[in-house]
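Here's a solo chain for you in structure tokens, the form predicted alone.
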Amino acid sequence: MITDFEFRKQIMDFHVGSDLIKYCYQCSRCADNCPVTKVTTDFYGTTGYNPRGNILQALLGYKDMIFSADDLVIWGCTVCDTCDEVCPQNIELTEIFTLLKNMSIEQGRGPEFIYSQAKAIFENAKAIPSQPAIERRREQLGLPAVAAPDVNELQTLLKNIGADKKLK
């Protein structure tokens, strides 16, 4: 394992708090309370997603371990903020995980489902295009039709921030 000190510095500098993660107790409260860890831990205790492991690897500068691992390592976080709430050191883990996800996309290493979802948003101005069955149900319930989004406006915004260049 090679420590990437520049990566470590990026993680330390990004944190919103003051003294940050230099003082992670390794208490495992984040992992013990994480709903994703609970559903990705198998019968033998092998964990698929572990916020504690991710944060320690980031703090130690183990960039290669993070970015060469299974997509679940970074992308397992659902940003529910449970880990942030229970951390006795007030480490904002979800902020760091968001940074790691953004770095992954910058490297072109995001999981395919992220790119396909982003492409759907870019093309339709919504994550899930309208379905005829939903439109019929809304009509049956006396609800107004959902207004069509302005696809051109959204595409202009996304192009202005360079998001279109990150789509595969």
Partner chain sequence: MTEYKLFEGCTIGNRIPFIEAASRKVFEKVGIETSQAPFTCCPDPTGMKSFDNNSWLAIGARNLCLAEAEGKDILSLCNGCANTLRGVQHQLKHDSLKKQKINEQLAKIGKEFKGTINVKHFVDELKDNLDKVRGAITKPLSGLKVAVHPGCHYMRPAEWMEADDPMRPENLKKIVAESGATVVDYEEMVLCCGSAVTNAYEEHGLANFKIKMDSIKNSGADVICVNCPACFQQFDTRQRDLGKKYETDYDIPVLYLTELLSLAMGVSPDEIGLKFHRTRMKSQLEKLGL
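What you see is a predicted model; the values in this text were computed from it and never measured. Numbering follows the first chain given and starts at 1. Under this definition, the rigid core comprises the largest set of C-alpha atoms superposing within 1.5 Å between the forms.
The form predicted in complex with the partner chain exists for this protein as well; it is not shown, and the discussion that follows is about that form.
- Using a 4.5 angstroms limit between non-hydrogen atoms, Ile114 touches the partner chain in the model of the complex.
- In the model of the complex, none of the heavy atoms of Met1 sits within 4.5 Å of a heavy atom of the partner chain.
- Taking the partner from the other structure, the partner chain in the model of the complex has no heavy atom within 4.5 Å of any heavy atom of Leu60.
- For Ala118, a non-hydrogen atom is located within 4.5 Å of the partner chain in the model of the complex, even though that partner is not displayed.
- Annotation for 108-146: interface residues with the partner chain in the model of the complex are Pro111, Phe113, Ile114, Tyr115, Gln117, Ala118, Ile121, Ala125, Lys126, Ala127, Ile128, Pro129, Ser130, Gln131, Ile134, Arg137, Arg138, Leu141, Leu143, Pro144, Ala145, Val146 [heavy atom within 4.5 Å].
- When the rigid core is held fixed, the Cα atom of Lys159 travels 2 angstroms or more between this form and the one not shown.
- After superposing the rigid core, the Cα of Glu135 is displaced by 2 Å or more between this form and the one not shown.
- If you fit the rigid core between this form and the one not shown, you'll see the Cα of Ala69 move by less than 2 angstroms.
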